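In structure tokens, the next block holds one chain alone, the form predicted alone.
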């Protein structure tokens, strides 16, 4: 029987009755900045309030306007985050690959989601309930302080990111996106193999808008990376990564 895809604030778990030292969902949350400083015991407690769900390509992972009270962490696959513009057009604002997350505000505020997430590939997503986070905060003042510090750091990181996007060369952003798309083929924190073929899940026009550039500039930068021996273009929708290490250096602006 197909699993209900609509999340609520009290996830159920097929494994909740089994004893064990480790919950597989904990691996997802270790990569989320607001939880990274928690102890192993606190992390395992969070994982007991989580579940993993599989989403097929094209399936809605979360919906704008909903207040699911959940944090969504992508463990495998790729999810596009979209908003509807004033003119009624869908705008891709973000791509979530392994280790990326969405909905952290809903863990602390009864705030409706501002965007919709749709799986661009078959995806595995970890979901953490707001009620479980609050229980941890009530139990442990130390955990509360850790998470407040992490949220403050998250705000600083977002401010830095906004500044970098304004000045970061387009070619670096293209390289970073190709690596994200390649990483989506594996689980969280899995290395990208040399020679990986990336299938572009969006049109070049959509990718250009996502990167804040024009379609012509995007095409030019892809050919520049190809001329440098970092990638090989295989038609309009496929790219082979020839030198992952140099591509990562380019993505970081080195």
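Positions refer to the first chain, counted from 1. Predicted model, so just to flag it, every value in this text is computed and none were measured.
Heads up, the form predicted together with the DNA isn't pictured, but that's what we're talking about next.
Interface residue remark: residue 137 is not counted as part of the site for the DNA in the predicted bound form, having no heavy atom within 4.5 Å. Interface residue remark: residue 221 is counted as part of the site for the DNA in the predicted bound form, having a heavy atom within 4.5 Å. Taking the partner from elsewhere, residue 216 is found to have a heavy atom lying within 4.5 Å of the DNA in the predicted bound form.
Not displayed here, the DNA is approached by residue 205 to within 4.5 Å at the level of heavy atoms in the predicted bound form. Residue heavy atoms within 4.5 Å of the DNA in the predicted bound form occur in exactly one stretch of 29-37, 206-214, 43-51, 62-70, and that stretch is 206-214.
A heavy atom within 4.5 Å of the DNA in the predicted bound form is found for one listed residue only; from 118, 113, 151, 170, this is 170. In this stretch, 88-119, the one residue having a heavy atom within 4.5 Å of the DNA in the predicted bound form is 89; the partner itself is omitted from this view.
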